[in-house]
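Before any questions on how it binds or moves, here is one chain, the form predicted on its own, in C-alpha cells.
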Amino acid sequence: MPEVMSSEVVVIGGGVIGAAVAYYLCREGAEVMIVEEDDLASGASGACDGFVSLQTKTPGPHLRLAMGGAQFFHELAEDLEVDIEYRGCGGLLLATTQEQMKELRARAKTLKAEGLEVEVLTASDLKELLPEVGKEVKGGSYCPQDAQVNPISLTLGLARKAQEMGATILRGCKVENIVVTNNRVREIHTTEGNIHSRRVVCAAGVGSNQIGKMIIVDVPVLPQRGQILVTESSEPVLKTLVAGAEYLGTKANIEGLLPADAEAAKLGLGFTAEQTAAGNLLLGSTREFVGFDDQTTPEAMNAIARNALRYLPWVKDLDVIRSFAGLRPCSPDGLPILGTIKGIRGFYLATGHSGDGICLAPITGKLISELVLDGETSLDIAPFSLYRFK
C-alpha cells in the first residue's frame, strides 16, 4: 500500500517561491512538507537571470511589494548556509530614442514619488557606470536600489535552511489529486503516497493551472518562454544590471517602449545583461508564448546577440558558451496571484510571478507564511487576488 504521511502545511513546488514559503513557515515553527515533481530549482528558478530590479516594477502595489521585500535579501545573505551571491549593484535602463527617454523621465518621476531612488542620466553620464555603450543609446535611468543574486543558490539555500528547521522535501513526487471535504482541504494524493494536511500552498509555477483544476478552480497561469545567452567568463566589466527600454515595454506592455522591429516584437525581445560572480555575462531575453516548449531557438539566439551588440558593442569580443530557456509562470496581467480561494479553506496561491519570481520570492514567502498561520498579512495583498480577473 502507498505510504500515508501527514504535515501541518504542504507546499506544492520546489522552486524559489515554494522554497521561500517553506523557509518563512519553518521560521515560525510550522511543520512543512515540500512536494516537488522534479527537483529543486528545476523549473523557472533554475533557468533565469538574477535580477532583483525595483525600477522595472509597475508603480503601485507591484512596486510596493518589491520595495517591501528588498530588505529581506540582506537578511537572507546572512542567514542562509550558502552564498547567494547577493550584490547591491544598482541597475540601468537604457533608451535608444528620444521618445524612450521621455518615457523614462516620466516614469522616474512617478517612481520617485513612491519612494524609489531613480536618477535620469544623459549618454555622457553613463560613462561612469557603463563602458563603451552603443551609439544609439541616448541615456537612461539609474536605480541604486536594484541588486542581483544567484537564483539557483537562493532557491537551494532557502530549501536547505527550511530542511534544517524541520521541513521534509519530497523530490520526484507528483501531486495527483487534492481531496476537499466540507469545503476544506483534507488530503493530497501523490505518486509517493497520500499526505494528510489541512493547509496547502500552491507554488507550482507553470503547473499551477493543473493544480487548480484538482479543486475545480481556474488559476490563469500560462508558460512564457525566456531565452538567455551565456558568455565565457571575463574580468569584471559590468558594475550594474543593465536593461533596454524595450525590456520594460515587453514586460509591462508599455506602448511607447515596445520593440518597433517585427521580429523583435514577435519574440518579445528586450535587452538585459548582468555579470555573475563567476564572471560570465548573461544576455537576454525573450518573452514568448509557445506552450510548454522550453527549447532554445536559433532565431532567438541570433536576435539576442544582435540586440546585445546595439547596447554593448564590446561583447563581440566574448565567446558565447551556452544558452538556456526557462518557462515563466505568467498571469494575465503579469503580476503575482497571491491569497486564498473562496469557499475552500486551507488552500493558498503563491504563483504567477512572471519574470519577477526571484525578486519577489522573499516577500511572497513572508506574506504567505503570515496568511497561512495568522489569517492576515502585514502588507495588503488584495491587489494580487485571483478574483481581480473575474
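Everything quoted here is computed from the prediction, not taken from an experiment. From 1 onward, residues are counted along the sequence shown.
Beyond what is shown, the protein has a form predicted together with a small molecule; the following relates to that form.
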Problem - Triplet G69, Y86 and E370 all within 4.5 Å of the small molecule in the predicted bound form via a heavy atom - result: no
Practice task
Verify the contact flag for K174: yes if a non-hydrogen atom of it lies within 4.5 Å of a non-hydrogen atom of the small molecule in the predicted bound form, no if not.
Solution key: yes
Practice task
May I ask you to state whether V32 is within 4.5 Å of the small molecule in the predicted bound form, using heavy atom distances?
Solution key: no
Handout entry: Contact label in the predicted bound form: E28 to the small molecule, heavy atom within 4.5 Å
Key = no
Practice task
May I ask you to state whether G91 is within 4.5 Å of the small molecule in the predicted bound form, using heavy atom distances?
Solution key: no
Exercise for the section: Within 4.5 Å of the small molecule in the predicted bound form, counting heavy atoms only, one of 255-263, 102-110, 137-145, 174-182 shows up; tell me which. Expected result: 174-182
Handout entry: Among the candidates P223, G226, G270, G212, the residue which, in the predicted bound form, approaches the small molecule to within 4.5 Å (heavy atoms)
Key = G226
